[in-house]
Ligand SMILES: Cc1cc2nc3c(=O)[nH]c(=O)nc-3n(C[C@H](O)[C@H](O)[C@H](O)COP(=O)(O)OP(=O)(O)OC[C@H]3O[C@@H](n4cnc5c(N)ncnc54)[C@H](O)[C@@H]3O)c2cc1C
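Before any questions on binding or motion, here is one chain by itself as structure tokens, the form predicted on its own.
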Amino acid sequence: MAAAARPVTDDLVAGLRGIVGQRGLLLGADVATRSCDPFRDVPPEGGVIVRPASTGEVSRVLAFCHARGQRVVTHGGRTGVAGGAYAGLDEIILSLERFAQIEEIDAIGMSVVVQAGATLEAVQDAVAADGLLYPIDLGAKGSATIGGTIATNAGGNRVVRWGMTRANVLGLEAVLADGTIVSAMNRLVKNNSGYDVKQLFIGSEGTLGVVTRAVLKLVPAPSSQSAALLALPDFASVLDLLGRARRLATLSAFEVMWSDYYRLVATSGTGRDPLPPAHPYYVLVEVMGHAEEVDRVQFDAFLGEAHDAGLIADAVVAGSGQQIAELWRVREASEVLVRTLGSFVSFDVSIEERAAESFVEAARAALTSRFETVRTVTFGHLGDNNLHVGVHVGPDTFTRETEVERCVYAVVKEHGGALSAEHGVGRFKREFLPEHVSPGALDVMRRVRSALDPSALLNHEVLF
């Protein structure tokens, strides 16, 4: 049974200060100026942020809170869009921002040991000097932390090549709700010594423990990169192009933009219009390899064959690294969506590639039949099943958010899709989880959580 909520008190604050010191504790205005959401101003309600600077301090903080029945919400970079970082009046924030060192880079074993508060970009920059790459790549990499990406099993732009976070973590360290330190800092590619404990925490959204350190798998940094933005006449051409692209061993991204998304970005006045917004689909294809001349020849041959097959209606091929970055600015335009749509409900779902067109059409039809005003934007990592859909239904979009969600998630279920592809369930999707996960699987999830945190003190409102 979950513990009853406990109010934040002066003696709690004093106890936390005794563990982390004055520098490790934020109160009042220092808390109110932070937001738990990347797109909305949602400050923590509890008014306390504790910032441990070591695994030992994390352990002592959690043990102290456990003894009091105090609920804790863990914060990384607060870039998640599923509400996992939201904190109520009876919850304190545990932030790992002061625990952000890159401890060791092993260029031979191609791994790096990092503290959970390190940002994704900081890790990538650190290993680049050794000709290595941590391949998880997000638009928010400058803010997203390693601990947060592990907790949500983040994906990003290059999953089609290197997989989700789960495939790129060799080992980790975590602290349970009662302060127990679980060290599973494996560095070996092959290790079948019992349960793979790290997998319990990857994707658990902070409900089983707080990830404090990790051993990340690295890859040789690519020395060549090519990209093209292609306009396609129909979805059959998109699927044909995807099949051809998958034959490229160097394929690193296959990003699809529906016309509603591309038109909005191309007409935003931000200069992100490399092709006219006159086609139903746009695809950003990228390859990254280690033999520039060979890689370019293969990429050009791929484009030529696709053109000869009638798949490409128009195209822009990047001729430099700067031009590649400009093409990615078209795909990564979240600030344009926020400014243009104002309020919108964001969806992060997985749909089989062949069902993606049907899903989008059915979702639009369902929304149109229910709401007088409907505006959508659709884009995503089609090569790994992930679609992002933004829905605006008028000035009352946020107040009708649950209605919009019920409408779209019903279509997701009809198409055999997944509730969340890479952002997690958080608080926002928890009521829909039982409709998208089998009773047996949900029961296992509850048993695991109950075993590790029987009082549900960690991220209490997340998942279920």
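So that there is no doubt, residue numbering starts at 1 and follows the sequence shown. Note that this is a predicted model, so its numbers are computed, not measured.
The form predicted together with the ligand exists for this protein as well; it is not shown, and the discussion that follows is about that form.
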- Query: So, in the predicted bound form, is G380 in contact with the ligand at a 4.5 angstroms heavy atom limit?
  - Reply: no
- Task: Find out whether any non-hydrogen atom of Q101 is located within 4.5 angstroms of the ligand in the predicted bound form, and reply yes or no.
- Result: no
- Message: Even though the partner isn't displayed, in the predicted bound form is T79 close enough to the ligand, meaning a heavy atom within 4.5 Å?
- Response: yes
- If you check in the predicted bound form, is P43 within 4.5 Å of the ligand, heavy atoms only? no
- Item | One stretch from 179-187, 237-245, 139-147, 316-324 that, in the predicted bound form, holds residues within 4.5 Å of the ligand by heavy atom | 139-147
- Every residue of T74, L96 and V211 near the ligand in the predicted bound form, heavy atom within 4.5 Å: yes
- Would you mind picking the one in P135, P274, G156, G390 that has a heavy atom within 4.5 Å of the ligand in the predicted bound form? G156
- What is the one choice in A363, V283, A85, L172 with a heavy atom within 4.5 Å of the ligand in the predicted bound form? A85
- Note on the structure: When the ligand is considered in the predicted bound form, the residues of 326-348 having a heavy atom within 4.5 Å of it are S334
